[in-house]
Structures are given as C-alpha cells and as structure tokens.
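Single chain ahead, by itself, as structure tokens, in the form predicted alone.
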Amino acid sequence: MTVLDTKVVRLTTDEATGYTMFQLGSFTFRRDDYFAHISWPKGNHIIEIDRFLRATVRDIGWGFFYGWIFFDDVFGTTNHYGTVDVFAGSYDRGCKEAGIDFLETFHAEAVAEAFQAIAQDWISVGYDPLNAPLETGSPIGSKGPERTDPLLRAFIAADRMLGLPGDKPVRTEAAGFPINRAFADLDYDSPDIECAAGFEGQLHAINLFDHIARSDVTWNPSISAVAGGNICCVTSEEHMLPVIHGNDRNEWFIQLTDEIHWNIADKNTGAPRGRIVMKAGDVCAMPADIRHQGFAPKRAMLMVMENGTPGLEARYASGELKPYPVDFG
C-alpha cells in the first residue's frame, strides 16, 4: 500500500457560483448549485450536494470511524487508523466490471484537512448539515457568507458519569440545550435513589432520555462513554443516516425509543442482505462483513456499543474471527 504524501490544493473559483474547486491526489471536487462533482483519472461521479455535505462533516467528525464510510454506492473512505483510503467504485460491482474503480491512500490528517476545507468553502450561513432536515436551511444555490461558527461537533468523551460535578457537556435548558420538539412526549422525571445505610451520597443515577433529548445533532454521537476498548455512544436519529457504514468489526445497536429501519447489504459488493425494523427495546448486532444505512421516520434514540480494541479489524479481515458475534447453529 502506497501512502501519498500530499495535501489538498485549492484550484479555480467558479465566478457564477462563488465555490472553489479542490484537488486531493488524483481526485478533484467541485460543486454547482445542486450537486458535488467528483473526478478521478478513470471517471467521474455526481452526488446531491446535501447528501455530500452531510456525509463529509460526519466523516471528519467521526475521525473516519471504524471501517468504511460510503457517501453513496460509489464514493467513500476507509479508515486504516493513521491512513485513509479515498475510493471511487472500489466496492461497486458495476464500476469494477467497467474498470473505472479507483483508490488512493493518504495520511488521515491530509484527508481531514481536505474535507474540512471543502466543507468550509461549500457551506454557507443558514445551513447546518449535522441537524435534521426540518431544523436546518438548504445548501442549494450560489455561495453565501461562510459560517464562522464551528462546522463540527464531534465526539466528546465523558470524564465522569453524566450529572456528576465536572461532567461535560452540561446539557440544560439554561445552557442552550432545550428538549427537542420530537421528544416532547417523553417522561423526564429524575430517578429516585435509595441507598443502604452507610452508603449515602455514593450512588448516582440520571434520566438518560433527558440527556439524549437535548442533542443538537442527528446521527452523530456528541458524547461517548469510553472505558479501555469499550465504547458506548448514545445518539439522536431523525430522517436518514447520511452515509452507508461498512463495518470492520461487530457493532451492537440498542433501540431506546421509537423505531429505525435498516437496509443491510454485503460490504464488498453492495448486494442486499436484509432489512431490519428496530423498535423500542430491540437489540441487534451489525456484523463485520456488511454495510448498513438507517431511516428514522420519527426522531429516535439509539445506543451503540463498539469494541475499539486496536488491531481488531485485522483479525476480522483475516478470518480469524467470525464476522458475526453469535452462532445460532
């Protein structure tokens, strides 16, 4: 694997729209009023601009996450934890059969810098791709004033259990985190804590729904509990997951409220493998050999459990570990 020692390059700026064209390695990125256009030596591709920007900011914010981030069936990235593949058609049967698939590997920092530069130039005031469509403006049209506030609100690891002194962030109405309109029907009573004699003040509990309901992002965990290689993320999901996630390890989903519909496909070919409708209380595992995309008709709460042990992806890729966590045979 050759890792390119290159950085993003700003090319020409379109006088009609005001947007800049960018180049990273052999890939070029330009946009018009409606679409992102991606070109490489073997071909080119077009993606709706809203979908492209929603995927771009999450790919950066997630640190390219575990495994594959498909912006759609053709374009995406693969995380090798230090380096990142940028690919076009590498996991699409039609592109491979036509011989137009292409992949280059970069240092992770270079891809993050490129996507950050593209997002900064292509996102104007009034549009926030981390919000649900009902809560944000539109990216369509010519360039407006660039946003000066942070585009990204990425993972924050919890220092302490939520609600204890020193936790972060403190999500309250006064801090600018109101209950989301979609969760107005939930119960937010605080738990009753009854300690045995001698243990007063040593037991703590929170209403987790109260925390998740105040999330100002969708499909993007804003806080995570991390203990060694164990990672727990709670998220607020509405509309559709802006990317298709290809796993390099097992990923556990616990549906906390409402429902999410998941389309499941083969990771390498994109061939359909199943469809899951998760309702409150359901638990499922997304295996290490699939790609998946979720659809939430109503804003829903989801808990995601990951094993972040370094090197785990290589054990799955080699076949040492089965792609699924439980064998019911």
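The first residue of the shown sequence is 1; numbering continues from there. Keep in mind the model is a prediction, meaning the values are calculated, not measured.
Keep in mind the form predicted in complex with a small molecule is missing from the figure; the text below concerns it.
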item	value
P221: touches the small molecule in the predicted complex, heavy atom cutoff 4.5 angstroms	yes
W262: touches the small molecule in the predicted complex, heavy atom cutoff 4.5 angstroms	yes
Contact test in the predicted complex: I60 vs the small molecule, heavy atoms, 4.5 Å	no
In the predicted complex, L241 touching the small molecule (heavy atom, 4.5 Å)	yes
Position in contact with the small molecule when the complex is considered in the predicted complex, options F183, F106, F71, F253, heavy atoms within 4.5 Å	F253
Partner-contacting position among L302, M278, A296, I290 - heavy atom within 4.5 Å of the small molecule in the predicted complex	L302
Answer range among 170-178, 107-115, 230-238, 183-191 for contact with the small molecule, defined in the predicted complex as heavy atoms within 4.5 Å	230-238
